[in-house]
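Below sits a lone chain in structure tokens, taken as the form predicted on its own.
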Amino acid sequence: MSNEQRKTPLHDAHLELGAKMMDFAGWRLPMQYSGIREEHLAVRRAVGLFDVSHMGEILVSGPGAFDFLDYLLTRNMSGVQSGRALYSAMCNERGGTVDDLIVYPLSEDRYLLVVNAANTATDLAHIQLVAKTWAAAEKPLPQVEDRSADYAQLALQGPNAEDLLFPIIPEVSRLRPFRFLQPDSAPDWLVSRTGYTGEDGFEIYLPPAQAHDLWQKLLEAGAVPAGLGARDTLRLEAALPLYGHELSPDISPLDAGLERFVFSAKPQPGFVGQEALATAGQSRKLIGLKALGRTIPRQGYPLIQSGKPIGTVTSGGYSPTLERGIALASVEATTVIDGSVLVRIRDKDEPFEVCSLPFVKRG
């Protein structure tokens, strides 16, 4: 098997902009251009543009696809309506998280699932296995296809995102959050008012051959190119979960604070992992931490209270908006923390205050 890194349709455009490239989930992607702080603040204050063409797209279609997805996912599929995107978790039989994803209903029997790049192959295998189990129970067998190669994806994020996109796609002005459309002028595009930054913005799915032209138009209109570094600091400030940090096959969506996306009362046949989640309940919870000093927390650092470890940092870093270190941390659900806690950083216990989430709210 080749170890060659995959490239997005915009790879050469990133090099022309002087991007610092990195390897991520088998892809060669831009880490930063002008700098993580500058790109981060551009998204918070104006508008930034991300190439996220590495994300995976899986099409589930055919008679019974709706009922199958209601069994596959933790959300109640009755919430999926024409033009509405649905965020959901997908669990294994133990109640652990296979992935978190967004569902786009393209028609009554065609649903596009947008999944994390690192999980695309695993997700596809999981969905196909569940589909076989579903068919064995004399249910209609849905068709499951990896359609990732059919799509490039750009994320235009920030308070000025609509102003920049409107001249190209005027219909976006009528989109509300977590709604999507396929523009009359470009029916093979899908544009959703979603994102991974905590700011207003849009994610645009389009044929790979058309990505460069749109990328250039948005840059010329004033969007600041932003890389994976800013994408991570933005999502951390917004307290959005990252697979491999807040979510994993051994961490349930309940333990990751996603209980509002789990329909625990789903009637039979329920969803995959429902019985395990009902039995285990929520054993852990996520808390937010802000540094009281100048230290920067990282994933895996232990939380200390009364000289004893009580939890672990799941995501940590420097917040360009707050100008201090911040972290998401996992502790037992019954843990009581009175105002502050220590984080052990390089054998030294540093003080952090416990704060409400998200760290930074839109606007």
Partner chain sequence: MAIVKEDLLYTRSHEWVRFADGLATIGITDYARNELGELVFAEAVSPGRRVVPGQAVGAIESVKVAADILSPLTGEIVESRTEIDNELDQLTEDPYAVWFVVIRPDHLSELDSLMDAAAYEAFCDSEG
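Numbering follows the first chain given and starts at 1. Remember, it's a predicted structure, so these values are computed and weren't measured experimentally.
What comes next is about the form predicted together with its partner chain, which is not displayed.
Student: Only one of Ile310, Ala46, Ile337, Ile296 has a non-hydrogen atom within 4.5 angstroms of its partner chain in the predicted complex; which is it?
Tutor: Partner contact (heavy atom, 4.5 Å) among the options: Ile296.
Student: Counting any heavy atom within 4.5 Å as contact, can you tell me which stretch out of 288-296, 100-108, 275-283, 218-226 lines its partner chain in the predicted complex?
Tutor: After filtering at 4.5 Å, what remains is 288-296.
Student: Is Ile36 part of the interface with its partner chain in the predicted complex - any heavy atom within 4.5 Å?
Tutor: Ile36 belongs to the contact set for its partner chain.
Student: Taking its partner chain as it sits in the predicted complex, is Tyr301 near enough to touch it, meaning that at least one heavy atom pair lies within 4.5 angstroms?
Tutor: Tyr301: contacts its partner chain in the predicted complex.
Student: Contact between Thr233 and its partner chain in the predicted complex at 4.5 Å, heavy atoms?
Tutor: Yes, Thr233 is a contact residue.
Student: Would Lys20 count as touching its partner chain in the predicted complex under a 4.5 Å heavy atom rule?
Tutor: Close contact exists here: in the predicted complex, Lys20 approaches its partner chain to within 4.5 Å, heavy atoms only.
Student: Let me know which residues along 328-354 have a heavy atom within 4.5 Å of its partner chain in the predicted complex, or say none if there are none.
Tutor: Sequence-ordered list: Arg346, Lys348.
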